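The chain below stands alone, shown as structure tokens; this is the form predicted alone.
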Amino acid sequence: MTEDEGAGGRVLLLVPTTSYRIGDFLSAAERLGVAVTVGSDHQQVLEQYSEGGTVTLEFMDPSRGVSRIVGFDRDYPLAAIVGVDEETTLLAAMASQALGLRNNSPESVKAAGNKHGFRTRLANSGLLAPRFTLLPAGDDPLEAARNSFYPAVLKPLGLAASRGVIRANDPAQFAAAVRRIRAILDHVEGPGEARRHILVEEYIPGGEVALEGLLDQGQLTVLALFDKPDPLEGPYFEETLYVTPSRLPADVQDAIAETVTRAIATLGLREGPIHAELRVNEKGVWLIEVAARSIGGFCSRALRFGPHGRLEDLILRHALGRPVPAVELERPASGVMMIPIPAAGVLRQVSGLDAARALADIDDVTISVPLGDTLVPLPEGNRYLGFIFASGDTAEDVEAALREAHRELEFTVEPA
């Protein structure tokens, strides 16, 4: 038995049924010798046969979810609770607080998870911030468009993966964006404010980066800083390439880390993974968002830390109160491409996978949409076709490999 296995402990993973992440967390738990309970928002087929292994929860009603978790803890004591995706971070914080486990305060998680709450909390922080305003559901889009600043970016308050995020350069585009976002929100479950209101922000020009970090009693450890080489200028903001290490100058990277550190202190976040999106231009570093969770989709597979495992290993170690070792990437550079959806319709065929996987520096190509599924591009859609992973000696090598692998792929999409 290893030292980790002897430490034991049961972790509750809160995972929406639509999440990509569960497999990677389960693999990490197995490596650490940790018992796992999967908490999901739909009853699982084998729940009655899996003693302590699964529990059904209501993510949209956190108070009921907390009561259910507290009751579960009496039968299967929990050492940690981890909210794997955006939808589960608040419930994880509330339940951890109720059980006296390591946690962020629910108030800090709420502020980070609501785009207007985030902007409001940081308004007096001294950090660079765009102008912003809140557009309630009942407001006339044409009148709001006449009174807006331009260029503007309109955002739902609670959606992730750039869903519903639209740039408007003039009043006509603004009014059209409002109608389009409201149509998206009509089909989204969630708290009332998040479904009713739209955040309007001044567009921030510049290159974009993503910071992956881990908090321990408020102290930030930067695990990776990703460049996003493709410009994200709108009208929609579909992310594609993430490459680390960043090629920005060292002083700019320091300023990015300092900006995130000040933001998390202002928000009140203190424990666990954080994922921050920022833009950099001649005026300095601008925060786009800070999420109290790790990077989404399969993107964490771009981060391999040799004998210390993957990102999920570090998250579980921290949640359980175990020491988190100093880590460095297994190879000097790595990255991921989130494969964009080429067109709306039904995915019929994917060609070129073998050729893409055989390229130098390519680690894997994963298609995450089954054949026969309907593809929905941004801003209405909320998923990617798949993910390409690469690692190499330099960030330039990794970026080139990802682009070459993508060129090898061909997608047959039948109009719906």
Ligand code: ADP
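So that there is no doubt, residue numbering starts at 1 and follows the sequence shown. Values in this document were obtained by computation on a predicted structure and should not be read as measured data.
Quick note: we don't show the form predicted together with the ligand, though the next part is all about it.
Asker: Is it true that Leu225, Thr244 and Arg310, all three, sit within 4.5 Å of the ligand in the predicted bound form, judged by heavy atoms?
Answerer: Contact check failed for every one of Leu225, Thr244 and Arg310.
Asker: Just one stretch in 336-344, 162-170, 138-146, 322-330 has heavy atoms within 4.5 Å of the ligand in the predicted bound form, so which one is it?
Answerer: Of the stretches listed, the one contacting the partner is 162-170.
Asker: Which pick from His318, Lys115, Arg301, His197 sits with a heavy atom within 4.5 Å of the ligand in the predicted bound form?
Answerer: Selected option: Lys115.
Asker: To verify the annotation, which of these, Glu107, Glu202, Asp216, Asp73, has a non-hydrogen atom within 4.5 Å of the ligand in the predicted bound form?
Answerer: Contact residue from the list: Glu202.
Asker: Indicate whether Glu87 is a 4.5 Å heavy atom neighbour of the ligand in the predicted bound form.
Answerer: No, Glu87 stays farther than 4.5 Å from the ligand in the predicted bound form.
Asker: Would you please decide whether Phe174 lies within 4.5 angstroms of the ligand in the predicted bound form, comparing each non-hydrogen atom pair?
Answerer: Contact check for Phe174: no, nothing within 4.5 Å of the ligand in the predicted bound form.
Asker: Find out whether any non-hydrogen atom of Val153 is located within 4.5 angstroms of the ligand in the predicted bound form, and reply yes or no.
Answerer: Output for Val153 is yes: heavy atoms within 4.5 Å of the ligand.
Asker: Residue-level question: is Leu232 within 4.5 Å of the ligand in the predicted bound form, judged on heavy atoms?
Answerer: Residue-level check for Leu232: yes, a contact with the ligand.
Asker: Which residues within 269-293 place at least one heavy atom within 4.5 Å of the ligand in the predicted bound form?
Answerer: Contacting residues: Glu277, Arg279, Ile288, Glu289.
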